[in-house]
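The chain that follows stands alone, in the form predicted on its own, written as structure tokens.
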């Protein structure tokens, strides 16, 4: 065939498109299970990191099974739902359902002789979704640690919610106020409370007010899904604000 002809160019282009399509399809099919497994282990790593357990992808499952003693799915009344695997619940899908149909997963961990309650979070930032996990200590009030992530916040501004300095500021903050109301932890612009751990506030990220507000709303709103569960752990009466 004449390599300078139009038919040659046309056939060559078709062959290349088919070859590339088959290659991409094969790669996606082959790597799909590996990608899912990596996502699953990354989720375990994030959950464990809220209580201070550092893991690698290789030992994440071993440590998760060792320290996470319960995985519970709750309904909107705080009652345990039978037959729902907490680890498989995706908040991004659950929150699109009517509240009475949603499942709220929570993880109970036992580490170095202490019990922790770890809840997944999901909310809205400036440009897209934000999410993470928050771990509470045995009093079901004091923050042990948090992990935040995002889909599309601005680098150097809203994306700073993933940094250690920001997440560390939540440690030892309280999610109930002095009146026993569940208020979460507010990310406050111009915060001047220093290291006060009883005011339910941390300093915001400069230039990222909307993302900071999104974090505040996300923590309070999601934790209220667990209020009956937390009340049982506190063994005291608290009011819903």
Partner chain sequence: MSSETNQNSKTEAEKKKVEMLLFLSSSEEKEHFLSKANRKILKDPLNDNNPITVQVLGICSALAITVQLKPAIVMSLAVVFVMAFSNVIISLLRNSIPSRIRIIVQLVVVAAMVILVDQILKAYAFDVSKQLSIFIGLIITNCIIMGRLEAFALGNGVYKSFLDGIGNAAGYGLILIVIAFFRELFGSGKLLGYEVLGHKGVTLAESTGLYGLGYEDNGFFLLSPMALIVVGIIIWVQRSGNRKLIEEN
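None of the values given here were measured: they were computed from a predicted structure. Numbering follows the first chain given and starts at 1.
Below, we refer to the form predicted in complex with the partner chain, which is not included among the displayed structures.
- Screening 34-42, 185-193, 205-213, 170-178 for residues having heavy atoms within 4.5 Å of the partner chain in the predicted bound form returns a single hit, 34-42.
- Interface membership of residue 149, defined by any non-hydrogen atom within 4.5 Å of the partner chain in the predicted bound form, is confirmed.
- Using a 4.5 angstroms threshold between heavy atoms, residue 66 stays clear of the partner chain in the predicted bound form.
- The partner chain in the predicted bound form comes within 4.5 Å of a heavy atom belonging to residue 27.
- Contact annotation: residue 20 falls within 4.5 Å of the partner chain in the predicted bound form, judged by heavy atom distances.
- For the candidate spot formed by 108, 111 and 114, no residue has a non-hydrogen atom within 4.5 angstroms of the partner chain in the predicted bound form.
- If you take 7-28 and check each residue for a heavy atom within 4.5 Å of the partner chain in the predicted bound form, you get 8, 9, 12, 13, 16, 20, 24, 27, 28, in sequence order.
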